[in-house]
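Shown here is one chain on its own, the form predicted on its own, set out as structure tokens.
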Amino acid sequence: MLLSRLAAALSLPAPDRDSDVLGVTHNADWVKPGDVFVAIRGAKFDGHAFIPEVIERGAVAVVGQGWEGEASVPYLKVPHAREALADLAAELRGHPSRALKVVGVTGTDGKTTTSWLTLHLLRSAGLKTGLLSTVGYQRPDGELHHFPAHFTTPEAPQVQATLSEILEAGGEAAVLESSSHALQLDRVRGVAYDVAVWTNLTPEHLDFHGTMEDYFLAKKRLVDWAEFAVVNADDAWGRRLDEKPRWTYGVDHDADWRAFDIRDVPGGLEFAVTSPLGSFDARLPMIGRFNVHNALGAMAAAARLGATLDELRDGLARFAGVPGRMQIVAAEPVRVIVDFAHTPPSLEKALSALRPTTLGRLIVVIGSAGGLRDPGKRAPLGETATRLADVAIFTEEDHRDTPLDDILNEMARGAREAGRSNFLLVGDRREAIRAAIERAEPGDTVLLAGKGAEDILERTHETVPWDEAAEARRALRPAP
């Protein structure tokens, strides 16, 4: 695509020199010949400092919010560099989301499970559907792919590229797990959302957003951008979202999609549903009553895109689960479950869901991320783990540049200040998993919380491949 056409898409005059553009990125290390480089001023680095380097790498133009230097390629000045990055990526890919039916899912907890449920229900309804989530991405063929490690949350060019791949593979719909960071930093700007699903809002990422109100406003962007909203009526923040055409869902409050008579049964949950499509009995092969909310939100989103009552009911009963989300690794004699729960509210939900179905003791392995990733949740995690589990093992979870002992001691402080001593510290996560399973007796449940399906473990000086479920299976094997 010609640079002049991209300039026009940004409402800018044509540059003095035109050229073919092959890609766009904001990362100097990723620049290839024919790319446009977007210079973003961040908290630590100013992308403009890398202009000589990206030109040497073959960049044909630079985009930024203003620069006094000189370059041998056109410099396009824009009001907002991140917005420009997203708009350029969408234009360069031909706006693939406009040719897809797109569901976006946001909220503090339940995003991934609701996204995967929606994907499954849309496929059950016959729509060729792709997925972009924290667990990975799928084209309509169903094979799960992972982004390289440096794509912790995909940036706008990767989002648009994935949507383009879904479309080119024959996709008719896509489900995007849309985090507050992705929304606030314009990573999903330019996505034409048909339906927004709001799961809930509880304190998290306040190191980034500052206040709950700002966190709410970042999440609310998804609802503002979408044509239609599906909102959790049991969430106080969700009840503020009444400007958009919408369906509500819930258990405790009156809602368009409401579940009643929820029952734990062997292999999952059963409940009755009232909905705009009619009333029906549902079965969900998942542990945890909180997953009823996720199922209601997913069913409402799929129904909005055309799924029938029979397709929803039958599809829900066949759901195979989400990797790393209440994933049962072993059922007996010790039940071992892998889950992504990594905040005090999500850990409380997970442990509370497992307690009624546990015959013996409940043992949890849990850590907390390092860096500036919400250090205020470490002590509450320790308190929650020791209050709801019989034994808690505190361990590593991507401690990065923060001394691991500092994190573990803070979690221990939260437990001790609550008057509890039913915990131990095992810094190495592999050894922590082994310690939990070795302590377990028949009838006990071991919850490995925090990592879920993530495929790397970040330490101070290294990043290692990681597979939580595989580590659990390895620890379950009898010693030779």
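The first residue of the sequence shown is number 1, and the count goes up from there. None of these values were measured; they are calculated from a predicted model.
The form predicted together with a small molecule exists for this protein as well; it is not shown, and the discussion that follows is about that form.
This chain is drawn without the small molecule; in the model of the complex, the residue among D398, D87, E383, D109 with a heavy atom within 4.5 Å of it is D109. Just one of F228, F319, W237, F290 comes within 4.5 Å of the small molecule in the model of the complex, counting any heavy atom, and that one is F290. Shown here without its partner, the chain carries T113, E177 and N200, all of which come within 4.5 Å of the small molecule in the model of the complex through at least one heavy atom.
For R325, a non-hydrogen atom is located within 4.5 Å of the small molecule in the model of the complex, even though that partner is not displayed.
For the chain shown alone, S368 is not a contact residue for the small molecule in the model of the complex, no non-hydrogen atom being within 4.5 angstroms. Residue contact check for R304: none of its heavy atoms lie within 4.5 Å of the small molecule in the model of the complex. When contacts are judged by a 4.5 Å heavy atom cut-off, N294 counts as touching the small molecule in the model of the complex. Here the chain stands alone, but in the model of the complex its contact with the small molecule, taken as any heavy atom within 4.5 Å, falls in 101-109 among 167-175, 272-280, 69-77, 101-109.
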